[in-house]
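Listed next as structure tokens is one chain, alone, in the form predicted alone.
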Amino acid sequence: MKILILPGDGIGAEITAATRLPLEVLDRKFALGLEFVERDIGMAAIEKGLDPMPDAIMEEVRATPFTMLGPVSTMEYPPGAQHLPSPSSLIRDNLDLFANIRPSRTRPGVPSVAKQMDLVIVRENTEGFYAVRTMFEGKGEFMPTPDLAMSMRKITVQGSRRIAKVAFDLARARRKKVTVVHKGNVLRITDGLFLREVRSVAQDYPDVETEEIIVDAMAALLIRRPESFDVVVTTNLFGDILSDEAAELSGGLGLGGSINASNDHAVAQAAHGSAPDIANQNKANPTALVISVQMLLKWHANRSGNNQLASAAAHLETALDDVLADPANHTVDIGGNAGTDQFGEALARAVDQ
């Protein structure tokens, strides 16, 4: 099985290298038969005279079961490439990766604001207020006059139902509770449609508890009682904001793993950005990308019934917890002094034991 590694920009090369190291040990330990292939996207591709996401690599992503996508710095691209879609958006749109799945949990040894948390935010990833995801052609933002800016929001039956199904399926395998986050008291038509369809899907899951919370209350409750939530499902913008909040409460965005998934494809991509201010300084925390890759392995194991892959994913998660439990392995963002490469080496040793 091929793992396609796309380092991207900023800290991307450092965190993908630190993640690959324990994966190679995991591959040998569980005889997974992984083949690691690395390709240039973003600035590295632009410097070769190519688009940030070359067509050939996009087709390779489509044909590859496992893709590890690093962060991209689209705002730093030269003027000639500023108008082009970012690699991450092209992958999401081409593969219809409608579900952004972001877990957040407290871990022994990791400083965190939350005392106890173990939740997953399931964010709709193709609609909402995001301008590039709203229109078939053009953008969902416009200015009728120089003094008036407007934005359109897109919510569909299909988008609402399929993200709801992902959330309820996930909850059925966890603690059997789904929290639906919305602003239906104000956005009565768009969030009204979203709520109607989620409620309809919920009827097919009588074994799963369902609750509904308005988004501003949810932002407060994540701080007050994060331990009470299991699976949270919501629309694009709300999910983006709440998942960052949850990551910070559990220790920081450096621990913010995620996968972007459809019914047929999934891509591992950390929830954080490219952090150009610390790029090439051996300071970046690879944990978020490691979590993302672990999620990707588990996603494929669940779909294929591959017990060896499932065991490897569980082993990687245990090894990661063991490494994070030791403050000597903590990177700067979580109060330590370990370098990116040191973290990767420590995790590789833990996987090997």
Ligand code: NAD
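Start at 1 and count along the sequence shown; that's the residue number. A quick note: this is a predicted structure, and the numbers were derived from the prediction, not measured.
What follows is about the form predicted in complex with the named molecule, which we do not show.
Only one of T210, T106, S73, N282 has a non-hydrogen atom within 4.5 angstroms of the named molecule in the model of the complex; which is it?
Looking at T210, T106, S73, N282 one by one, just S73 meets the 4.5 Å heavy-atom criterion.
G273, P85, G140, G184: which sits within 4.5 Å of the named molecule in the model of the complex by any heavy atom?
It is G273 that has a heavy atom within 4.5 Å of the partner.
D93 near the named molecule in the model of the complex, any heavy atom under 4.5 Å?
Result no; D93 lies far from the named molecule in the model of the complex.
Does any part of T234 reach within 4.5 Å of the named molecule in the model of the complex? Heavy atoms only, please.
Answer no; every heavy atom of T234 is more than 4.5 Å from the named molecule in the model of the complex.
Is there a heavy atom of G159 lying 4.5 Å or less from a heavy atom of the named molecule in the model of the complex?
No.
Looking in the model of the complex, any heavy atom of L253 within 4.5 Å of the named molecule?
Contact with the named molecule, yes.
Using a 4.5 Å heavy atom cut-off, which of 147-155, 274-282, 195-203, 167-175 contacts the named molecule in the model of the complex?
Going by heavy atoms within 4.5 Å, the stretch is 274-282.
In sequence order, which positions of 5-27 have a non-hydrogen atom within 4.5 Å of the named molecule in the model of the complex?
Stretch hits: a single one, I11.
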